[in-house]
Structures are given as C-alpha cells and as structure tokens.
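One chain comes next, on its own, written as structure tokens: the form predicted alone.
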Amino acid sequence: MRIPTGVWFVPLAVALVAAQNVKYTQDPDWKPPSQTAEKKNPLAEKPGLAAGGKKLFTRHCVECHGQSGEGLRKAADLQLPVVQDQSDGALYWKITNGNPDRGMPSFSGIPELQRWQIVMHLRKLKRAEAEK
C-alpha cells in the first residue's frame, strides 16, 4: 500500500514548528560593551560575502539554531525582532564571546572576518522571515 505524498508532510511540519524556539527570551545580562555594540561591519559594502556566512552558519550554528535560524531546543530564534534589532557589533560580540550560562559557545576561534560574514547571513534570515 502506497502512502499519499502529502500525508507525511503535515506531521513533519508540526514537528518542525514544535521544535522552533518562539518562546526565546534574551538574557538581560548578556550585553556587549557600548563601544563594541557600535562597531560597524567592515564587510557591509560587500553583500556577496554573505554566501560565505551561510556556509559558516551551516557548519557552526545550524545544530542549535536550525537551518533558518528558528532556534532549536533552548537556542535563540534568530528571526525574532529581539535578535534582529541588535546592532551588527552586538551580534558580532555575542558570536565571539558566547554565553556559557545559556549554552552558547564562544566562536572566537573563527577568524574575525568570517564572524562578520556570519552576522551578514543573520541579516538574511530576517529578510527571509519578512517575505513569508
């Protein structure tokens, strides 16, 4: 007996939505120094480099944040305004330093420009969400 193609889609979609961390709340103590938060992305004028950020995101971040940044388990939903409204400098600082109290590792071992590429990719997640 063959199962119709659409039958598996509904349970899969429900499972994916259930895994999304829409209840994410930001750690109020996890704030970058103001000087760091004001830092501008040195790659901002090179949008083509965001593709490299996607590859880095896939390699280092998808396990916890999901392919679309939806935030699996306890990880931040990177599509939420509470994340997207932060400056590039703040996101860069958070990627660099991590937050061990919430399970976010430091990615200071990734070269600086590659961390900025990840920030560029995070901005694409915002646009992808807005288009839905």
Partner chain sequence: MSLLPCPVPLLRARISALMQRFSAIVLRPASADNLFRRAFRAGLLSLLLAAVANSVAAQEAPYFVTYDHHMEEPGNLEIATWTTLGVPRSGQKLFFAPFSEFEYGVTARWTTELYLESQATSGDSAVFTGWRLENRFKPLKREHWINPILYFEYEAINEASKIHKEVVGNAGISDERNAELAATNAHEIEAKLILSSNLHDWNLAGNFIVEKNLSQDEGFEFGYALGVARPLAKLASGAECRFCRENFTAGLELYGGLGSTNGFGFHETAHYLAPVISWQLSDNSSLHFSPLVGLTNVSYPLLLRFGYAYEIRAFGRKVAQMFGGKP
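Residue numbers count along the first chain shown, from 1. Treat the numbers as computed from the prediction; the structure is a model and nothing was measured.
The discussion below concerns the form predicted in complex with the partner chain, not included here.
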Within 4.5 Å of the partner chain in the predicted bound form, all of L43, A51 and L113 (non-hydrogen atom):
yes
Heavy atoms within 4.5 Å of the partner chain in the predicted bound form: does P105 have any?
yes
With a cut-off of 4.5 Å between heavy atoms, is S87 one of the residues that contacts the partner chain in the predicted bound form?
no
Going by a heavy atom distance of 4.5 Å, is P47 a contact of the partner chain in the predicted bound form?
no
Taking heavy atoms and a 4.5 Å cut-off, does P100 contact the partner chain in the predicted bound form?
yes
